[in-house]
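The form predicted on its own is given below as one chain in structure tokens.
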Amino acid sequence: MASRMRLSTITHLAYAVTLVLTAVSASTFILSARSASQERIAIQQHLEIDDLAEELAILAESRTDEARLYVMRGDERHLAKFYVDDDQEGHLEASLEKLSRLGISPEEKAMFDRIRSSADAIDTIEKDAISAYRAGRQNDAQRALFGDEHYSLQTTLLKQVEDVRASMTARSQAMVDAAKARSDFFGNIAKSMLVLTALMFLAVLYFVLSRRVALPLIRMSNVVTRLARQDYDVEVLDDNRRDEIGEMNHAIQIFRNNGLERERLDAERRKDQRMKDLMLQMMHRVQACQNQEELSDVVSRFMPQIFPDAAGHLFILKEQGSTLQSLGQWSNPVASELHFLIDDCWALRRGRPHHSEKDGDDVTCHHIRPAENSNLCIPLTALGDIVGLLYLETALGNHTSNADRLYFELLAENIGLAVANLQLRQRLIGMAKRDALTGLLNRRSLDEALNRLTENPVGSLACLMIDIDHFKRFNDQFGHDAGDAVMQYVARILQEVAGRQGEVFRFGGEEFTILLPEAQGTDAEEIAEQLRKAVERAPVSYRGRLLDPVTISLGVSTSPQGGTISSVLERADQSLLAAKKNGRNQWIRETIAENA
């Protein structure tokens, strides 16, 4: 009996000790979970502080770069970007207020005040330099922006930003380390308590609580060990118990969930950073494209890397038209037509992104065929004008997130500006190389073509100089508008007859020039006769009134038979003068003897 009593006493004591150890273990697990939560919060604050400080550094340098580029190049786009960055003055205040909510020290507040003062001083120098540049004092503007005072202020500002970043990083890192230390401390205590509890169950109460306590504790020990190794794939038992073991399971579950959340946040941050890096690379290359084919190649290469789950098209609006055509595609989109009218897309009608899908709540664009896809159309605009469409499609039900939509719209804005810039560049090149009245290549293009042929001569070259006979009569009798109509009529015939075999230029006034590479003298004579007959036979009318018959005179020269390429134009002009003297409405070819 006494033996049983002693055994009973030992059992009760062991049970009491087990209860105490279990309670302590559960408490330490809860404290460990709370510490892990604090660690996660500290890590988030650390990342936010680092991102905000990096934004301050970028903001400090970007405006100076745009101001310097403006006074060096005089490009208004850099000035516009400078003032766009100027509008971000408030961003510094917003960043400071956000950091204040995260808890900055008075010393860090003073650092931000010094940053603001330095930024204001630099801003004053840059605006004065821009004003000097606009006043025509380019040297003064450049000295101000590249002088010692600006450099000293810029260096001081960057150092101040780096100092405050280092200060806040050190403080937030200390918070992370402290939270991690507390989490590790309580985690180690919890594991120690679990080990002692397991030993107590095995040694003293094996037959009493083996099924109830021992096996669950062993399983929990394995779970904790794997969690300590950051193996968050381990499954935590959940038997809905209301005792200490249930609390421990709950604490382990919280610890595991916190670890999974931390891993998820890290993965999302890495993914988001990679996406931002790719977007930045894409934007840099988009702005450097020189034609639409290069733009299509850049977009088609980068979009699958940035958004691997989305296929799509880049549609471009044809100039002075209402039809969009696919300039490029990626990841094999299947739902959209390759050519469609602007009215077939709800996004282009509304001027806003439009999401549609089969059997969805919203209307579907007419250019999208019925398919098991989710579709997003984003207009490409520049200065309020539509220049194209960014079309994306994903698997049905795989809707894009709000963050992804913001990224889509940001990319669409940059692509739209790039398309508009390319179109504007093409128009400017066309205006510089073509005659506004006839649409033919102008005198400048003729000089460039002759220079190219001089540097890289072809086997043979024929040149035709053409003059409209009695052109002044049309202007005097019917008015200058009728004269312009005659000019356009002759230019159209010249382009139709000789455009495929050579290049047609407006030389000046009522004179035209045709260069025929690889053409022999007989070929040039045949073309000259075709041109003469074509102009003579076709009637010309202006505002419903039939004008007098139009005829042309032509002079033909060849190279190298008649002379050098550099003199081919002059020789053709001499032949043209001979044709006009001999009665007009004819062609005359130079003779080798005459040019010998």
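Owing to the predicted nature of the structure, the values given are computational and were not obtained by experimental measurement. Counting begins at 1, following the sequence as shown.
Below, we refer to the form predicted in complex with a small molecule, which is not included among the displayed structures.
Comment: the small molecule is not present in this chain, but in the predicted bound form one of 134, 264, 472, 226 has a heavy atom within 4.5 Å of it, namely 472. The contact with the small molecule in the predicted bound form, taken as any heavy atom within 4.5 Å, belongs to 467 out of 247, 123, 357, 467. Residues within 4.5 angstroms of the small molecule in the predicted bound form, judged by any non-hydrogen atom, belong to 475-483 and to none of the other stretches in 385-393, 455-463, 285-293, 475-483. Residue contact check for residue 497: none of its heavy atoms lie within 4.5 Å of the small molecule in the predicted bound form. Using a 4.5 Å cutoff between non-hydrogen atoms, residue 510 counts as a contact of the small molecule in the predicted bound form.
Contact annotation: residue 236 falls outside 4.5 Å of the small molecule in the predicted bound form, judged by heavy atom distances. Proximity of residue 506 to the small molecule in the predicted bound form: non-hydrogen atoms within 4.5 Å are present.
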